[in-house]
Ligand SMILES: Cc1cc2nc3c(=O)[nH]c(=O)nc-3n(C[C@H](O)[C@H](O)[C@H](O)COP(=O)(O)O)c2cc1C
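Single chain ahead, by itself, as structure tokens, in the form predicted alone.
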Amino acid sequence: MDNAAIFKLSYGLFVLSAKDGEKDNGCIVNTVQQVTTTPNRITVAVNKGNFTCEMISKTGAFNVSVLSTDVPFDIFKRFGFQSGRDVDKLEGFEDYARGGNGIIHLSRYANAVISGKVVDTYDLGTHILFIADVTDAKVLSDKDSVTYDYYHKNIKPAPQKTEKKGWRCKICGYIYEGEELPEDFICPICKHGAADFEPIE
């Protein structure tokens, strides 16, 4: 089976944000979809390893910032390549505002924000699927939305040449050193599994 075929699906890229008490957090996701219009509902699947998933499971509320094509790679590093358990992702960052639900969203590099209130969840093993009512939505700009394909072709830096032997994550570039990659290996940076690694030639 050619797993690369899955990458041909038309994913968007988003910052999913949540708030628990005084703690703000967010992560990068590619799994937001509208599923019904009456009621207006969306779904988002989030890896259980993400602190944002834990926060949404507890609070039942979130915002989705729809990333636009002017977004720099630094946004992906800030919200996708580190854990909110270890760092304050908003430290030194000013390009955000708060929605009516009190949760942050990007005020720059996003063309829309959608607020959700969870009405149901499904445990998918590695991920939680949240089904949510849309409680608010706002268009922020007329810039095009970032797709997964656009990100790989125009935003993500090309892999650096290395003398290391091992496996490179096709999503974020993390390098696992070793001859064999364990089948159950999960990237510590972007939380993707072994299927998304390629051998370093």
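So that there is no doubt, residue numbering starts at 1 and follows the sequence shown. Keep in mind it's a predicted model, so treat the numbers as computed, not measured.
Only in words, not in the display: the form predicted in complex with the named molecule, which the text now covers.
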Any chance residue 64 has a heavy atom within 4.5 Å of the named molecule in the model of the complex? no
Residue-level question: is residue 150 within 4.5 Å of the named molecule in the model of the complex, judged on heavy atoms? no
Please run the contact check for residue 80 against the named molecule in the model of the complex: heavy atoms, 4.5 angstroms, yes or no? yes
Since only the chain is shown here, I'm wondering whether residue 132 would be in contact with the named molecule in the model of the complex (any heavy atom pair within 4.5 Å). no
Do all of 30, 45 and 52 end up near the named molecule in the model of the complex, with near meaning a heavy atom within 4.5 Å? yes
Which residues, if any, of 119-138 lie within 4.5 Å of the named molecule in the model of the complex when only heavy atoms count? 127
